[in-house]
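Below you'll find only one chain, the form predicted on its own, shown as structure tokens.
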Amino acid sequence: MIQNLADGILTGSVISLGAIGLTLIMHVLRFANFSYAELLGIGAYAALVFDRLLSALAPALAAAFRPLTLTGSLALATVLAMALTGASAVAIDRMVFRRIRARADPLSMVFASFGVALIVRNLITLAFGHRAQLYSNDIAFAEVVSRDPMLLIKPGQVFVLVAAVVLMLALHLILTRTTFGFALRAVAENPTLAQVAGVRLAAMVTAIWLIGGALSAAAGVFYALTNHLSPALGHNFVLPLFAATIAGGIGSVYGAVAGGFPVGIASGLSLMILPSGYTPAMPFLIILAVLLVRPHGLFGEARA
């Protein structure tokens, strides 16, 4: 049980990172963006490309930070992938969603998001193939933390958890200590009132896409660090991201963080009593449970 709990916490940190941008976009733009999870795939594969490129240009960067399998080139590649994915999210919004929301209702944007998801996923498959890939072929040995109960943890898993928490804390400081953060929170709480107060809504929407894309890229890289790369990466995270968003409360950054960990833990613990093939059903159950008990989520509020 302890092992499943630890694995669930790790997965929850990845889900929380990815859910932050999704909850803001759903709150401000008022549509369920089913293509959002594909940003994890864009970020993960962008990091793979940048990693290979940097390793070729500067072989010294290919050295790993022991006992991790993380290399200097991959660390820099992750930063570049976050920037590229954020820019990609903005580009997708301007090419697709902004045009549609100016002419149609939110339901049309939901349907469009399915199309965008399929296009992005198939483009990734076309470029990299169906075969699963790894950032590093080095074998990472797990450390025995406890024998009774048995608990095995890899150094990379600890790094991923710490790095995810650091990014969340950095976002918290931005939201609570800067003028930009206050404006972003105002838009997330009440876009119309924020616009009346002088906040440029279009600029804040762009910032939300940039932040969401960057954090999703980090989440994709962190997941691939402890697992593997696959074109289905984004597809596999669609339901967990939505479950975290709904459980925490649409529009609440802190709710997305608080909702992500229970979703990851529930999925991890479910492996104790259910075959692995049934694990994807856990986000459905969490969504239903939250909607029945608290329709607006843990930190959400009713909206007109």
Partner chain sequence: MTASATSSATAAAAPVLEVAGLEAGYARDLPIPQAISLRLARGSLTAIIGPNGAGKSTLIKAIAGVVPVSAGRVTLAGRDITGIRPDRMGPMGLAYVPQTDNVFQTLTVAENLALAPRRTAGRAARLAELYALFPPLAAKKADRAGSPSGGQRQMLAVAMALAQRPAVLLMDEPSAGLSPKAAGAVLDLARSLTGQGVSVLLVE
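As the structure is a computational prediction, the values presented were derived from the model and not from experiment. Positions refer to the first chain, counted from 1.
Not on display, but discussed next: the form predicted together with the partner chain.
Stretch 192-200 is the contacting one of 192-200, 221-229, 72-80, 117-125, since its residues have non-hydrogen atoms within 4.5 Å of the partner chain in the predicted complex. The contact with the partner chain in the predicted complex, taken as any heavy atom within 4.5 Å, belongs to A186 out of A186, A112, I211, L167. None of the heavy atoms of N137 is located within 4.5 Å of the partner chain in the predicted complex.
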